[in-house]
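One chain comes next, on its own, written as structure tokens: the form predicted alone.
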């Protein structure tokens, strides 16, 4: 073998090494993209809310409602959840804006005294116990601690439920490099455990899992 052949062979080997590393790199990137970005869209089925609602309109300066004005507690401290249409009718007995969704809400629900079957984003598994009163009244946490940014949303995103487990991505979705899997995190077990550890509250499994 002469010097020229050796040089050509080394150059070819170097090119093959670069090509192999490039293919390997893009293969890893492609698998990560499929696994973390594309795959969840097939696993989680979107479910739209029956009516759109703007938190930013109601919680903004024009209206200025607080979270507890609509999401209140009874005298025993039990969280009452999403208000019924009777409470909304106090302001929306007729259409007061120009939104098509508000007109739909008034015509199809308020005037017919019909309750909206909202889709719950954070529906927990049956073996999970969670008390809003414990966290808000005893723990003195603000609603924004877990539901941060919610008051600035102008519409309701679709809920996404696993086609396999049936759980919402809000309670079962993972994060990649601390990038939230949903616009609102704070309702996953890791979020709960992290918040408890940060505040020095060492809980046992049966505190939350009954």
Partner chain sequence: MTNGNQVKSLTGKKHNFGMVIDVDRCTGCGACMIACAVENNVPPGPVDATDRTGITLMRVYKADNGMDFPDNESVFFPVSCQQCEHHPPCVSVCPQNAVEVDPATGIVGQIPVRCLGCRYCMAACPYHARYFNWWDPVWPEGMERSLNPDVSLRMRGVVEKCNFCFHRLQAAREKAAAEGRDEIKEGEYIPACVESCPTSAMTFGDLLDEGSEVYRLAQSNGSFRILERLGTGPKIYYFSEREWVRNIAEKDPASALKRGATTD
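In this text, all values refer to a predicted model and were calculated from it rather than measured experimentally. Residue numbers count along the first chain shown, from 1.
One more form of this protein should be noted, the form predicted together with its partner chain, which is absent from this view; the next part is about it.
Visitor: Please tell me whether any heavy atom belonging to residue 111 falls inside 4.5 Å of a heavy atom of its partner chain, as the geometry stands in the predicted complex.
Guide: Close contact is absent here: in the predicted complex, residue 111 is far from its partner chain, nothing within 4.5 Å, heavy atoms only.
Visitor: With heavy atoms only and a cut-off of 4.5 Å, decide whether residue 131 touches its partner chain in the predicted complex.
Guide: Yes, contact at 4.5 Å.
Visitor: Is residue 127 close enough to its partner chain in the predicted complex to count, meaning some heavy atom within 4.5 Å?
Guide: Contact with its partner chain, yes.
Visitor: Contact with its partner chain in the predicted complex for residue 78, defined as at least one heavy atom pair within 4.5 Å: yes or no?
Guide: Contact check for residue 78: yes, within 4.5 Å of its partner chain in the predicted complex.
Visitor: Quick one: in the predicted complex, does every one of 196, 204 and 210 get a heavy atom within 4.5 Å of its partner chain?
Guide: Every listed residue reaches its partner chain in the predicted complex, so yes.
Visitor: Only one of 91, 98, 138, 120 comes within 4.5 Å of its partner chain in the predicted complex by heavy atoms, so just point that one out.
Guide: Of 91, 98, 138, 120, the residue with a heavy atom within 4.5 Å of its partner chain in the predicted complex is 138.
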